[in-house]
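The chain below stands alone and is given in structure tokens; this is the form predicted alone.
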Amino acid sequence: MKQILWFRRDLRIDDNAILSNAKNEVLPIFIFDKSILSKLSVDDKRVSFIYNSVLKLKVILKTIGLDLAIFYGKPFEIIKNLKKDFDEVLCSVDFDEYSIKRDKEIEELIPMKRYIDSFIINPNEHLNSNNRPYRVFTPFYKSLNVITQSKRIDTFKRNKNLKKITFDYNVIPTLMQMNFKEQKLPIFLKKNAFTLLEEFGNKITSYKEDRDYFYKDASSNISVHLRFGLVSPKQIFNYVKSLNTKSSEFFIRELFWREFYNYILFHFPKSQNQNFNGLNIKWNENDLDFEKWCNGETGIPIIDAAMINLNNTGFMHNRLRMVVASFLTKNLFIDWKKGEFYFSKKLLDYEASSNIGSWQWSSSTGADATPYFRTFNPYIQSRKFDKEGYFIKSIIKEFSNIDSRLLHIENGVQSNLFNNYTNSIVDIKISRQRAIKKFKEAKNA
């Protein structure tokens, strides 16, 4: 039997489902998908990261007697050209709309075996007592006690008897040929996943207390590596569990929020493009407000600093993601789908299920979402989690000599005569009341 091992978001050789389930002669491949890449900007940092990671995977595969054929094009056409020489394709499974459609078309060409590799649980399992999918995180999480309370999860063991199929596909496409420019990556992305895990392990005891303070370096920095499969969620689970701290359990719970959002997208695929709770909301269509939010020109220091940092680096702290999402959907009352789409273009660790789930949570339209009357006051958030304004001042340099107290007062910075900062585009109290009114109208419709 000859098999194509299609690496997608599993760019590693350990705890890898397709390397575990492959049988005899194999051709490992990676496809730079034109259908996806054509929608990205020429300076998208993720492409540089993935490109470098794929080249490293090729080198690693050679150390175990295999190799990696690298293609640029549409998966259907590439698999169509290869299928005559192979019996089946092995790959990990994705649950977003595009991936489902892509795999369904390819499966008409050649048999495909797909494995749960990017997540810990199979979303087909773990239904409630009525044999229906959970809609709320806590009972979902409790149903997984056998897994979450275990000290270790079994990982895939690589088949060491695989034979490489010699191939002629040895011309590696360059970034330039794919219409991208190589980008300078943040320092943490130059480290391998296990170095990042070890660094996180050294500070995990304070994680639960420090994680919301976005000026501190308390996060694991592992999300990009997890998103593209340089490390598996099982490997992260096992490492964090081995640390055996109170914060370890807290982190594991967060890891399963990722599982929950994937579970929701699997069982409720329409939630990718529709409000999960079915509310028909008449959102604000003010394109200028949305543009100012995107560009970090709202007149609210914490919102603007967060968005400017996202635009410059592709990174945003989780607390800040909730704050800017709440502001867009509640104070500006703009459709969460617009914010989700913008994040999809900017976030280094963008993952459809988690991003969609988080945006629906913030906008009070999703599974186990925040109540519609609860909003994040951006000034309270910045005062609570960055009292001295370290983060804001590091991003907006003209605030470096501003009294930090002004950063946490509505239009406080604007009261400084020596500062030319724009006025806030919305009144926080009035806009919150408007959102509550509109949500009530939608619920009563």
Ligand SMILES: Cc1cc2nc3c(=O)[nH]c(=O)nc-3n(C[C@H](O)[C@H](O)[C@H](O)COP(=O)(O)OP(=O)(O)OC[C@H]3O[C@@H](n4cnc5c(N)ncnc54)[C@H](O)[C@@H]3O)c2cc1C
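These figures come from a predicted structure and were not determined experimentally. Each residue number is its position in the shown sequence, starting from 1.
Beyond what is shown, the protein has a form predicted in complex with the named molecule; the following relates to that form.
- 4.5 Å heavy atom contact with the named molecule in the predicted bound form for all of N221, M322 and D349: Every residue of the candidate spot has a heavy atom within 4.5 Å of the named molecule in the predicted bound form.
Quiz item: Looking in the predicted bound form, any heavy atom of S358 within 4.5 Å of the named molecule?
Solution: Within the cut-off, so yes.
How about Y213 - does it come within 4.5 Å of the named molecule in the predicted bound form, if we only consider non-hydrogen atoms? Taking the distances in the predicted bound form, the answer for Y213 is no, it never comes within 4.5 Å of the named molecule.
In the predicted bound form, is there a heavy atom of the named molecule that lies within 4.5 Å of any heavy atom of K337, even though the partner is absent here? It does not: once the named molecule is placed as it appears in the predicted bound form, K337 has no heavy atom within 4.5 Å of it.
### Query
Quick one: is F266 in contact with the named molecule in the predicted bound form, heavy atoms, 4.5 Å cut-off?
Although the named molecule is absent here, F266 would stay clear of it in the predicted bound form, with no heavy atoms inside 4.5 Å.
Item to complete: Answer with one of E254, E125, E88, E291: the residue that has a non-hydrogen atom within 4.5 Å of the named molecule in the predicted bound form.
Response: That would be E254.
| task | Go through F71, Y115, Y134, F343 and name the one with a heavy atom inside 4.5 Å of the named molecule in the predicted bound form. | result | Contact residue from the list: F343.
message = Using a 4.5 Å heavy atom cut-off, which of 91 to 99, 305 to 313, 255 to 263, 140 to 148 contacts the named molecule in the predicted bound form?
response = Selected stretch: 255 to 263.
**Study point:** Heavy atom within 4.5 Å of the named molecule in the predicted bound form - qualifying residues of 21 to 53
**Key:** Contacts from 21 to 53: none.
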